[in-house]
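Here's a solo chain for you in structure tokens, the form predicted on its own.
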Amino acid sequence: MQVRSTLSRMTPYVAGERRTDAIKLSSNENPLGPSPAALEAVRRALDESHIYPDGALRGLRTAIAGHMGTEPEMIIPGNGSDEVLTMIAGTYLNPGERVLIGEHTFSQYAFAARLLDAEIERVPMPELRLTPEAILRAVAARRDPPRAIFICTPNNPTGIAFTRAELRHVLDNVSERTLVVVDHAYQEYATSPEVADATAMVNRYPNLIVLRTFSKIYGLAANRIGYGVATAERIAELERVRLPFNVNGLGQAAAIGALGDDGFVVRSLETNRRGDERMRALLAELGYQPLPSEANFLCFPVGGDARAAAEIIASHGATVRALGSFGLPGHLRVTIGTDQQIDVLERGLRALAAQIPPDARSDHGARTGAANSGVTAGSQQ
């Protein structure tokens, strides 16, 4: 039995490492755990575990729409935003159609595109930042416009975000036939007033779809709840490929409960702010230079093999993410944790710093930042 030819170019997703003897700072999860209101909603919903969930997702759509200030018809929930990505690919992509994706970004955009045998082009990020100019150069490189553009902002794994002006510049200068998918998984953590909010632009740009998730700020990663926001016309098109009962009943209850827990969001943001300040000060003391971040993680060059660096840190009690699969073999991504978690992380970082001199760290960061130019094509996991 032969599989489709495109599958030979696909690699299963590899999640952040989880060890029983270490705290997990490798997957950008909320260090405070899940929203207490979400947990209480799940407890109440357990008694109906024998009943199929609301297949139309009416309650969840209504709750999200009320929270976002939009209409339920403009919301499509999924089994994580990953499933919404595959819905988008199944609805709009045909074999051979061109899709633009940043050179260093979340792998599931390429996964969804390759699943439908689309042609993937990597937009360069020479300073580890995806820019409107680089995107539009890639768009103009061929006569036919790309079928889709995927933009992660704040970007995973760098944490750098588009401004409103930058995102509008892209949307105003691409064909209406080009779908622009903006992934806002970390949007709630953004603090700069200039950071783009694509959700507010959906009514103006009918070719825009925005992805959001409950996995990060609301602490519901295990419940797998994500959603897309777009015009009612786009959502109706996506509905054609949505699987029946794609969001389980406990997940629906958890998400609805979490949306009403404003206090938990405030505590999460304050924990992230304090942790960001402490971790940046610690990294600076040790000679590391983290990138700017509007998310709940920091990315920085380590001056050597990031896998070996991650192993050193893990041996002292904290797992972090080596970014070779993102095309950054000399960088680590570390979730911003609580004070107790940073205490553990500090031991690992100090052990790492003792093995790699500061000049090696800075040299490697400079080489990586200037490594690539031009539009590239290839796989990324």
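Note that residue numbering begins at 1 and tracks the sequence as displayed. Every value quoted in this text rests on a predicted model; they were computed, and no experiment measured them.
This protein has a second form, the form predicted in complex with another copy of the chain, left out of what is shown; the following refers to that one.
Trainee: Does the 4.5 Å heavy atom contact test between R177 and another copy of the chain in the predicted bound form come out positive?
Mentor: Judged by the heavy-atom cut-off of 4.5 Å, R177 is in contact with another copy of the chain in the predicted bound form.
Trainee: Heavy atom to heavy atom, is S27 within 4.5 Å of another copy of the chain in the predicted bound form?
Mentor: Although another copy of the chain is absent here, S27 would touch it in the predicted bound form, with heavy atoms inside 4.5 Å.
Trainee: How about A295 - does it come within 4.5 Å of another copy of the chain in the predicted bound form, if we only consider non-hydrogen atoms?
Mentor: Flag for A295 set to no.
Trainee: Decide whether Q340 counts as a contact residue for another copy of the chain in the predicted bound form under a heavy atom distance cut-off of 4.5 Å.
Mentor: It does not: once another copy of the chain is placed as it appears in the predicted bound form, Q340 has no heavy atom within 4.5 Å of it.
Trainee: With the distance limit set at 4.5 angstroms and only heavy atoms considered, check whether M1, V42 and N248 all reach another copy of the chain in the predicted bound form.
Mentor: Yes.
Trainee: Just one of A222, V266, A140, A165 has a heavy atom within 4.5 Å of another copy of the chain in the predicted bound form. Which one?
Mentor: The residue in contact is A222.
Trainee: For the chain shown here without its partner, which stretch in 287-295, 126-134, 67-75, 236-244 has non-hydrogen atoms within 4.5 angstroms of another copy of the chain in the predicted bound form?
Mentor: Of the stretches listed, the one contacting the partner is 236-244.
Trainee: Judged by heavy atom distances of 4.5 Å or less, which residues of 45-64 approach another copy of the chain in the predicted bound form?
Mentor: Read in sequence order, the residues that approach another copy of the chain (within 4.5 Å, in the predicted bound form) are L46, D47, E48, S49, H50, I51, Y52, P53.
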